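Only one chain is shown below, in structure tokens, and it's the form predicted on its own.
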């Protein structure tokens, strides 16, 4: 089974051979490294830029205005903050010209904690990204969904911010990407560059298929009756694991939803679940102040006040300047399994 980095690589290969992607670029994206997470190894159109995030975003905007489909990468989202004004301009383009021009660009960046990256490599960006009008913002949680969602992002006529959880880059999926060989060893031999000299290496791409995950569509991972848990990215699998533990122990039946798209988000799926369970917990690892989960909790309260049996809850990262390097500091700074389970258990005891 492919991991998330391999699924990105295969999706980009499919994009440059079938969907018209002409340029894939960013810091260390081209040979010999193929990206710090190896997500761009072996791609024909991948090239290296200077260490200049504003230059990367500016180049993507310029290419997009000519109608060129491109995928640009900011090596870590921790360094995307100095491009906010350019992201705002990119998002406004179609609106400000009444749809005369489009920007068919994908801006990809790894987000979140989980790799022991300390202060400068553990930030989240989802809350800030949700406040960029004109951008679609997605964050997959499995390799198969990464593949399908990246293909949808590539073909979108306007800018898509593709947030990839750093902690999941090396996690293998549980489902084969259509066309992927049956074993991990076979896939690695085909598309993973060898250590050492790569100057003569070329990948042997599998016969990949066109599989899409629609942007703006959530997925119910587990049905339940006692409460709803809504998450995305790295936190999704933690929520699902803890929900299954509580169900196995006979404590509760939790419905778990992977939002997948932060904007536009699938409110109808979330709403239907809350109407059924009458309680909801929103979980993500961005900081707790002005968190995107707070917006969802506000909307749940406003639209479903008389349906709720308890106030909507948000479990998010601590409002600290950065994540500490020590394992204990990182774990207490962002939601983790036992904390998620405790929050679910406490919410199940509440009544409005």
Partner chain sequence: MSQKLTDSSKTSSLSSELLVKIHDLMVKSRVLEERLIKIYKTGEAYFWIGAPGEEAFGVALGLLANKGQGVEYDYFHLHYRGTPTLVAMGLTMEDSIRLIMNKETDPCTGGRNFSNHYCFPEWNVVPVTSPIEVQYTVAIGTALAQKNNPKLGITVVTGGDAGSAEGDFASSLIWASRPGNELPMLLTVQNNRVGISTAYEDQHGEEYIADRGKAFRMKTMVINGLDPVESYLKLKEAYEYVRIERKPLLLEARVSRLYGHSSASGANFEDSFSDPLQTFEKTLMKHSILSEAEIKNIYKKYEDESWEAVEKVRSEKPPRAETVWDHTYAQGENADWRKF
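Numbering follows the first chain given and starts at 1. The model shown is predicted, which means the values in this text are computed figures rather than measured ones.
Unshown form predicted together with the partner chain; subsequent notes refer to it.
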Exercise for the section: Evaluate residue 298 for contact with the partner chain in the model of the complex, applying a 4.5 angstroms cut-off between non-hydrogen atoms, and reply yes or no. Expected result: yes
Problem - 4.5 angstroms heavy atom contact with the partner chain in the model of the complex for residue 96 - result: yes
Exercise for the section: Give a yes or no for residue 268: in the model of the complex, does one of its heavy atoms lie within 4.5 Å of a heavy atom belonging to the partner chain? Expected result: yes
Practice task
Report yes if any heavy atom of residue 47 sits within 4.5 Å of a heavy atom of the partner chain in the model of the complex; otherwise report no.
Solution key: yes
Exercise for the section: Decide if the three candidate residues 38, 109 and 201 all line the partner chain in the model of the complex, where lining means a heavy atom within 4.5 Å. Expected result: no
Fill in the blank from the handout: Exactly one of 290, 319, 66, 327 comes within 4.5 Å of the partner chain in the model of the complex through a heavy atom, and that residue is 66
Handout entry: Partner-contacting position among 182, 178, 157, 214 - heavy atom within 4.5 Å of the partner chain in the model of the complex
Key = 157
Problem - Options 112-120, 258-266, 192-200, 138-146; stretch whose heavy atom lies within 4.5 Å of the partner chain in the model of the complex - result: 258-266
Problem - in the model of the complex: members of 69-86 within 4.5 Å of the partner chain, any heavy atom - result: 85, 86
